[in-house]
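Coming up is one lone chain in C-alpha cells, specifically the form predicted on its own.
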Amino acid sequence: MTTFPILSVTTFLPLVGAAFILLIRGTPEEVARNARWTALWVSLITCVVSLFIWFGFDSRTPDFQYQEEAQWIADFGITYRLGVDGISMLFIPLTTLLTIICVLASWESITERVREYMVAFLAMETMMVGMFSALDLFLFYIFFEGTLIPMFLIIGIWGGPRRVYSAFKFFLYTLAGSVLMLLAMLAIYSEAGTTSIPVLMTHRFPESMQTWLWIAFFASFAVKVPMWPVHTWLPDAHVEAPTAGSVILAGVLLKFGGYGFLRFSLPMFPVASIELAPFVFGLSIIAVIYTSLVALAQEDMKKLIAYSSVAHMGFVTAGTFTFTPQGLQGAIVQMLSHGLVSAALFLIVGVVYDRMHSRLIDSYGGLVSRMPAYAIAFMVFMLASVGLPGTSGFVGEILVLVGLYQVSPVAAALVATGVVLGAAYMLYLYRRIVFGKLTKDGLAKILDLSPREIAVFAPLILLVLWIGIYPAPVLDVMHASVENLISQIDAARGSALAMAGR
C-alpha cells in the first residue's frame, strides 16, 4: 500500500478535466479554443503522473503495487481497489500518451462540438486507465464497459457518412459479449465468495466450471481483440471514426481483449485454457492469414490498416496461449508495439485525409516529391508494421514465433506467413501512396507535415525504435509477472494430471 493515491489520480484526473471543460463559458470560438487547451494540459499532466508509476515500479516482484483499497458495497464484499503488476502497468503510459496524441491530432480537424469531443476523450481516458488498474471484479467491469459510451459518441457524432450504423454495430457487438462475461462474474462470486482479482487469481475453480467460465469470458475478450469471425465490426468502426477515434480504438481498446486473457482466462481458468489452446491457435491462424489476404484487396487506406490490425492481434492471441515465457512476453510486446504502430498508421492516413478528403489509395501517388517528412514517418511505421529488425514490431513477432514453435512448429509456420503477407500489403500501400509520379489533381500543392504534426509523430517514432533496439526495460518490467503466471499454469497442469492419474 502507498500513501499517495497515484493510480486514483491518474485514473480520475482526466474526468476532473472533462468536468472543468463543461464549465467553460464564452463565444463558440472561445469555448472551442479553451476546451482544446484544457484537454491538452490535462492529458499532459496525466501522462507525466503515469510515468512516475513506471519509475517507482519494482520489477523484481510479481505482486500488485501502488495498491489502494476502500469499502464500496460492503454487503457484497465489493471494494474500490486499484493496483498494477508488471503486465498492467505497461498499458497505462501507453493510454495516457495516446490521449495526448489524440488531442493534438484533432486540433484542427474537429471544428464542431469541440467541447463535447474533448470531454468524450477525457472521460474515455479515465475508463481505460481504470480498467488496467482495477483489482475488483465488478470495478473492472464498470471501467471495461464504460469505454463503450464515449467511443459510441465519438463514432456516432464525429464520424463519416455511415457513422450511426458503425457506432451501433460497434456497441452491440461488444455489449453482447460482455453480457456473458457479467453472468460469469456472478458465477465466480457465487463460487469464491469474493470479487478481489488477486484472490481469484489463486482460487482453484472446479475443472467442470472452468470451461464454461472460460467460454463466457472468451466471448467478451474475443470481440474486443477482435478475433475471427467476430471481427467484422472493426473495419466499419475504423472507416467511419474520426482519425483520433481510430487511434484510440486501435491503440488501446483492442488491447482490452488480450489483457483480459492474461488477467482472467489464464490465471483463473488454467485447465480450461490449456484444453482450449488449440482452438485459439486455429482462430489465430485464420485471423492472420485470412485478414491479411483481405487487406491486400482493399482500396481504402483505413480499411487496409483495420484488417492488418486483426492480423497483428492474431499474433497476440497465439502467443498468449503458448504458456511459454517467450510467447507471453512476445504477446505483451506485440500489444504495446501495435498500440504505437497502428495508431501512427491511422494518423498517417489522417494527415492526407485532412488535406485531400479522400482515403482511397488511387487518389494519391508520388507524395515523396511534395511531402518528404511525411514519407519518412510513413516509412518508419510501415516497416515497424512489417516487423523489420530494429523496430518494435520485430521484437513482439519473433518472441511470439519462438514461443509458438516450442508448442507447435506447424502453427508457428502458419502464423509466420502473416509476416510475409504483412510485408506484401504494407509495401503495396506505401508504393502506391508515396512513390510514382505526382499526377493526381490537387497533389501539386499539398503541404508537408506541420510542426504540430511533427510533434505528434516524433514520440511515436522514438518509442518504436527504442523498443526495437533496446527492449530490455520493457521485458524486465513484465518478467516477474509472466514467470509467476506460467508457474500458476504449470501447477494447475500438474494438479490436473495427478487427478487424472487417480
Partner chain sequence: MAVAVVLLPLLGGLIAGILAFATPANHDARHTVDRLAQYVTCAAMIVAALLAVAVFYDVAVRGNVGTDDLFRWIESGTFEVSWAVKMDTLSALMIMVVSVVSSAIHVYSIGYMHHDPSIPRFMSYLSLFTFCMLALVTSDNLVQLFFGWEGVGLMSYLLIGFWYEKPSANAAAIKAFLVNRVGDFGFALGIFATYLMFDSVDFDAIFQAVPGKADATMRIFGGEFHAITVVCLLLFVGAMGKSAQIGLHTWLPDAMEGPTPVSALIHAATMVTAGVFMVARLSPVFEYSDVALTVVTIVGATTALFAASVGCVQNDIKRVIAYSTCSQLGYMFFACGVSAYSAGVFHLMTHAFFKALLFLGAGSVIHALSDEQDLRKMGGLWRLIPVTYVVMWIGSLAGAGIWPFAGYYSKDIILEAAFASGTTVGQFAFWVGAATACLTAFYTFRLLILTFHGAPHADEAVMARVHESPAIMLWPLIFLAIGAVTAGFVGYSAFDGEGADRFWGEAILIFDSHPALEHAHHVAPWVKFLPLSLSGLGIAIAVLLYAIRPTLPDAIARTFPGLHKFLLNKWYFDELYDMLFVRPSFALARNLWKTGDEAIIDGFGPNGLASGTLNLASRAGALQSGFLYHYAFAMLAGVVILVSWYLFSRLG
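Only a predicted model underlies this, so the values are computations on that prediction, with no experimental measurement involved. Residue numbers count along the first chain shown, from 1.
The form predicted in complex with the partner chain is left out here; the points below concern that form.
- At a distance threshold of 4.5 angstroms between non-hydrogen atoms, Ile433 is out of contact with the partner chain in the predicted complex.
- Among heavy atoms of Tyr80, none comes within 4.5 Å of the partner chain in the predicted complex.
- In the predicted complex, Leu104 stays away from the partner chain, with no heavy atom inside 4.5 Å.
- For the chain shown alone, Lys302 is not a contact residue for the partner chain in the predicted complex, no non-hydrogen atom being within 4.5 angstroms.
- For the three residues Ala19, Leu44 and Ala70, a heavy atom within 4.5 Å of the partner chain turns up in the predicted complex in no case.
- Here is the short version: of Ile149, Leu180, Ile361, Met201, the single residue with a heavy atom within 4.5 Å of the partner chain in the predicted complex is Ile149.
- A single residue from the set Tyr259, Phe91, Trp214, Phe394 has any heavy atom within 4.5 angstroms of the partner chain in the predicted complex; that residue is Phe394.
- In summary, the region of this chain contacting the partner chain in the predicted complex, judged by heavy atoms within 4.5 Å and restricted to 83 to 91, 414 to 422, 215 to 223, 243 to 251, corresponds to 414 to 422.
- Counting a residue when any of its non-hydrogen atoms is within 4.5 Å of the partner chain in the predicted complex, the hits in 386 to 413 run Val386, Gly387, Leu388, Pro389, Gly390, Phe394, Val395, Ile398, Leu399, Leu401, Val402, Tyr405, Gln406, Pro409, Val410, Ala412, Ala413.
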